[in-house]
Structures are given as structure tokens and as C-alpha cells.
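Let's start with one chain on its own, the form predicted on its own, as C-alpha cells.
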């Protein structure tokens, strides 16, 4: 696709995102569902930063998503009634955990790396599950909610107006994806691609592989934590399932559905997954069966994902 085509595609994408709360109802959706698409899209894109562009599979990204969610919820419930502070604390908690855990596991590769990320994720899951006096245990963390934003001369009511919260999330999503795109276009991002394509050759060239993978892991978890804080603020609730490895599996499914090695593919995959889940689960409890069948069909017949299929037809 040439530069003009890419520009037009991006313009259409952002126009769809900017107007989503207004046309979502026409396709059977609602504003909260649109916000969920953005938040889970950001989580899937954060995983794709590590999986699609570095070639490292993590099945533990739900841990950092959940730590962000609990960090935000616990801040609002016990520390201070401030939505921006809750987001900052949630992101800091998830990122600090990623810095420590990433340093411990960065020398592992392949299935060993994936399994250890699951193990660390399950540690956080059981802490949240068992420490019920603080986290609410299996019932989840309740008794708090997001608060209006004070921007000096006025307040923005992001609690009572779901569209206001959607546009706050869209603003944060735009900044996050902009930073992610800049990183991938920088020499650091090109080095990650070199590691993905041939780690041994990259090592022979003198690239410090472990340091680059650690940085990619921390950056990826930073965005996952950010998505977790926004998800908790969307629901005004979080529970241990936000830390469970099965949610990491959902992020992988979203990335593969949309197109694992494309920048916007995980957002497309998240939109398909969330809307399909919302619609099918309202018809039957066995909604995972239908999503599983759809996922298998995409993997078997469209290995580059839905976005890869669309680009292939255009080409």
C-alpha cells in the first residue's frame, strides 16, 4: 500500500473511532461496549508489541493488566479520590512489577518464557483471591468509582456521562498508540524486528539481546497496565479474573484474529472479539464455542488475520 493509501486508511480508522459512540447503536452496540473495544484493543496491541514485533510470547500479560486495575481501584478506595492519581498509581504498580519480573526471566526463550509468565501471573491472581480483607477476594474490589476530572476552569463528569469517559479513553489511546508507533519506527524498534527475524544473527552483530527484550517487555507491560486502569475505571470494579492467565489467552486471540505482525491488527481483532462476545453471550452461555470455531477458521484460512486478508484483497 502506498503512502496516500495508508493515510486514507488511517483517516478512516480515526474517523470511525471518533464517531463510534454515535453509530455503535445502529449495529446493536452501546457506548460502554465501544469503550471496551478501545481498552481491550490497547491491551492486545501492548501484547503485540512483544509478540508481533519482538517475537517473544507472553501468556502473563493479564497480570500487569490486573495489577493496573487493582492499583487504580485500591488508590480510589483507600488512598485519594483522584482519577488521574489512580491511573498513575495503577500504571506504576504494573510497570514496576514488570521491571522486576522481566529481569528474572529475560534469559528464557520460547515455551519456557511463556510458562514462567503464566506462573508469575498466577501468583498475583492467588494473592488477589486470598487477600480478601483488602482486595475483596473472589467477590472483587467494590465500594469505589471514577471521579470527575478537574481541569482548573471546569470539571468533566466522566462518571455520569459515558460518552465523556469514552473520549477520555480515546485521548489516552491516541497518545499511547502514538508513542508505541514512534518507538517501533525508531532504531530501537528496528532492532526489535532484527531480533524477531534472527536472534542469533542479531547477537553476532553485537546487539545486547537480553537488554532489548527486557525493555520491550517493560514497555509492553506499561501499556497493558494502562489498559487495566482504564478497564477498572470503566466498570468501577475489578476482580481476580482480571489477573488470570485465561485473559492473557484472550489478548493473544485478539492479536492473532486481527493480524499479529501488523500495528492495527490487534485493535481490529479486539473489536471482533468484544462485539462477537457481547452478541453471542446474549444468545447462549456457550459463547466461547462459537468464538473458538471462528478463531480456528481464521488461523486455518487467514494466517495473517482479518487485516491481512483485507490488505491482500486490496493488493
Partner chain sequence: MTEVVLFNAFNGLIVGAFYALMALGLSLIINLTSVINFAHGGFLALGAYIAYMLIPHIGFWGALLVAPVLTALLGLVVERVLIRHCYGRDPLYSLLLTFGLAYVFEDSTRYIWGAQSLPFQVPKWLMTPLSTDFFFLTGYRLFMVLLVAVAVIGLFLVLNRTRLGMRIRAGTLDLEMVSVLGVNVRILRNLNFGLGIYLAGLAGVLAAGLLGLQPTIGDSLIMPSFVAIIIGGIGSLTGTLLGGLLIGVVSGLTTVFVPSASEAIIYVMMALVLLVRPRGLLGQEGMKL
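Quick caveat: nothing in here was measured; it's all calculated off a predicted structure. Just so we're on the same page, rigid core means the largest C-alpha set that superposes within 1.5 Å between forms. Residue numbers count along the first chain shown, from 1.
The same protein also exists as the form predicted in complex with the partner chain; that form is not shown, yet it is the one meant from here on.
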property: Partner-proximal stretch of 264-272, 61-69, 279-287, 26-34 relative to the partner chain in the predicted bound form, 4.5 angstroms, heavy atom; result: 279-287
property: All of 104, 123 and 246 within 4.5 Å of the partner chain in the predicted bound form, heavy atom check; result: yes
property: is_contact(residue 11, the partner chain) in the predicted bound form, heavy atom dist at most 4.5 Å; result: no
property: Contact label in the predicted bound form: residue 97 to the partner chain, heavy atom within 4.5 Å; result: no
property: Proximity of residue 291 to the partner chain in the predicted bound form, heavy atoms at 4.5 Å; result: yes
property: Touches the partner chain in the predicted bound form: residue 16 (any heavy atom, 4.5 Å); result: no
property: Single option in 112, 78, 188, 204 placed near the partner chain in the predicted bound form, where near means a heavy atom within 4.5 Å; result: 112
property: 149, 164, 118, 215 - the one with a heavy atom within 4.5 Å of the partner chain in the predicted bound form; result: 118
property: Sequence-ordered list of residues in 37-65 near the partner chain in the predicted bound form, where near means a heavy atom within 4.5 Å; result: 51, 57, 59
property: Rigid-core frame, C-alpha of residue 263, shift of 2 angstroms or more between the shown form and the other one; result: no
property: Core fit, then residue 290 C-alpha moves 2 Å or more between the shown form and the other one; result: yes
